[in-house]
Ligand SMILES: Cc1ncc(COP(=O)(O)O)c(C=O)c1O
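Shown next as structure tokens: one chain only, the form predicted on its own.
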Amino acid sequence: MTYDFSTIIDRTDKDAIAVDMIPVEGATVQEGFSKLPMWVADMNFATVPTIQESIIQRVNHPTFGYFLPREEYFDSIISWQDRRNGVKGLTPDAIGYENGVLGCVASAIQAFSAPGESILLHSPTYIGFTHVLEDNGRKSVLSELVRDNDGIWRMDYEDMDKKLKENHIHFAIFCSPHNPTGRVWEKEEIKKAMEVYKKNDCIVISDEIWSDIIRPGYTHIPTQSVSEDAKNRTIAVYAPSKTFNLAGLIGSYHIIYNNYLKDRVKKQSALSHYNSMNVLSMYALIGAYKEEGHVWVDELCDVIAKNVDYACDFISKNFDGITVSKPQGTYMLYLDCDKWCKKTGKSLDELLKAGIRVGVIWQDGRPFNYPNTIRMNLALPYSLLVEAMNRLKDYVF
């Protein structure tokens, strides 16, 4: 490999909530156990060096005044989308800066729905979506994903259609690849979903922040690419932040082809005067989307695939009562602990605390709108993953 994904990096006192926080109230790490951060979607790998190089080169110039996005910023996105996702014909006027995916979600729901209206999401669902809807006075209506005989999460199109009609919904949030289940939707699945949205006059915001982190053998299909109608009713949101672990630098971007959607979203996001690019965030994206970034991401995907295979195999053999559907994308595992809780008579809270007691910092999955679940982050060196699994086997399960 060209890049190092095995070195254990000490992030203590380096502004990392992944290490400095424990996400379960009342849980503590027992003396003698090191912390293994496996909760928030934050990677414990050094990012591609071209990001630091780009930032350092800019920081060496001593002025940081007002600025406009460089042409290189847009060219980097266009080139990245072409090579990674096969997007052709993308132009700068379809690209817009966003402080974050959730900020764009907030702007879009303010532009295309009214307080008190319902928005359709799938469940399990990313907790950030539900928080944004609640904070903006909208209601969440959930269409539950269903696991087939092979344990693969599928959309229930009839249920989606029914709930859109019953609740007079005209705005939906679509997550692709899906967080927290890790599904990489197939083209026909996306086409069917977009037909349901079209039939119900729904504007769609498609969160595609995980689109670069895909297991070998699977392909991310941009929602806007499945039909001309999908292209014109979808607000797609991407970011280098998840791919390259840049959340602390802030910076996402939308792709909107339809002028009506674009003008409304941009107007709404401009009202606060705070949806503004940071000059170092711009250079971080430019550095990330260089040739080296492509190599780094390809290697990252191989590393995560190895971790996923190991974790899923280990869990199936050693954690009786825990089931997991192997994710096709992202670096998150979503553990179904319902059988374990019923078999042992213990609560999920007891299980969460037992893991954290031995240093495995994992995350309560219930806020993602699915009962008795735990979310685990596998973006860490393989040696730490092995250590975590053995601790869970020896002390918890």
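Please read these numbers as outputs of a predicted model, since none were measured by experiment. Residue numbers here begin at 1 and follow the sequence given.
Note that the form predicted in complex with this ligand isn't included here; everything after this is about it.
S.K.: Under a 4.5 angstroms heavy atom criterion, identify the one residue in S269, S252, S143, Q224 near this ligand in the model of the complex.
M.R.: Flagged contact: S252.
S.K.: Ok, W296, F244, W210, W185: which has a heavy atom sitting within 4.5 Å of this ligand in the model of the complex?
M.R.: Filtering the options by heavy-atom distance leaves W210.
S.K.: Each of F112, C202 and T234 near this ligand in the model of the complex, meaning some heavy atom within 4.5 Å?
M.R.: Not one of the three qualifies.
S.K.: Closest heavy atom of C175 to this ligand in the model of the complex, within 4.5 Å or not?
M.R.: Because a heavy atom of C175 falls inside 4.5 Å of this ligand in the model of the complex, the answer is yes.
S.K.: Mark L102 yes when one of its heavy atoms lies within 4.5 Å of a heavy atom of this ligand in the model of the complex, and no otherwise.
M.R.: Heavy-atom contact with this ligand at 4.5 Å: present for L102.
S.K.: Hey, in the model of the complex, is Y126 touching this ligand, heavy atoms inside 4.5 Å?
M.R.: Taking the distances in the model of the complex, the answer for Y126 is yes, it comes within 4.5 Å of this ligand.
S.K.: Is C341 near this ligand? Define near as a heavy atom within 4.5 Å, in the model of the complex.
M.R.: C341: no contact with this ligand in the model of the complex.
S.K.: 236 to 244, 270 to 278, 83 to 91, 296 to 304: which one contacts this ligand in the model of the complex at 4.5 Å, heavy atom to heavy atom?
M.R.: Within 4.5 Å of the partner lies stretch 236 to 244.
S.K.: Taking this ligand as it sits in the model of the complex, which residues of 27 to 42 have a non-hydrogen atom within 4.5 Å of it? Please list them.
M.R.: Sequence-ordered list has one entry, A41.
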